[in-house]
Ligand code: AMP
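Shown here is one chain on its own, the form predicted on its own, set out as structure tokens.
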Amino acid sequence: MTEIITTVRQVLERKGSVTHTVTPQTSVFDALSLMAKHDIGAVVVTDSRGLVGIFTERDYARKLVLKGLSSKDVTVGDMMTTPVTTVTSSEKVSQVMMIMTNRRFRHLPVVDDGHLAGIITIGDVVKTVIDEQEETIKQLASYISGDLTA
């Protein structure tokens, strides 16, 4: 298998770097409403210091629902995952895929020089792998057919 050469920066340029954030004081209910509104599975948690956590659907299911807590009575700060594993935009998607697989993450915030640059998801990684494989197949098919200009 060939290594994936696309960088996180290239993924963010394609998909956009809009990242939805909440504060630790945000109610879980409000965070979930934001996630539902934008059809996303995670929000980044920030405060005056910057990135302080990430709150995901998994956090909600495992830390709140299973404990019988109410999403209106609990804050994101009580349920978020911290410390947060991050990647930089210069990382290769193949490296991100290894981190996500080994740590069982579906979302990774992208931080450059201390600033939130976006978020990369497992869906972004899968799409990148598929796109690169399709391009390789096209190039091989052109080579085999004798069309070396493609």
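Everything quoted here is computed from the prediction, not taken from an experiment. All residue numbers are counted from 1 along the displayed sequence.
One more form of this protein, predicted in complex with the named molecule, exists but is not displayed; see below.
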Q.
Whether T56, D59 and T85 jointly form a contact site for the named molecule in the predicted bound form is the question; each needs a heavy atom within 4.5 Å.
A. yes
Q: Quick one: find which of 108 to 116, 65 to 73, 89 to 97, 24 to 32 has residues within 4.5 Å of the named molecule in the predicted bound form by heavy atom distance.
A: 108 to 116
Q.
I'd like to know whether R104 contacts the named molecule in the predicted bound form, with contact meaning heavy atoms within 4.5 angstroms.
A. yes
Q. T81 near the named molecule in the predicted bound form, any heavy atom under 4.5 Å?
A. yes
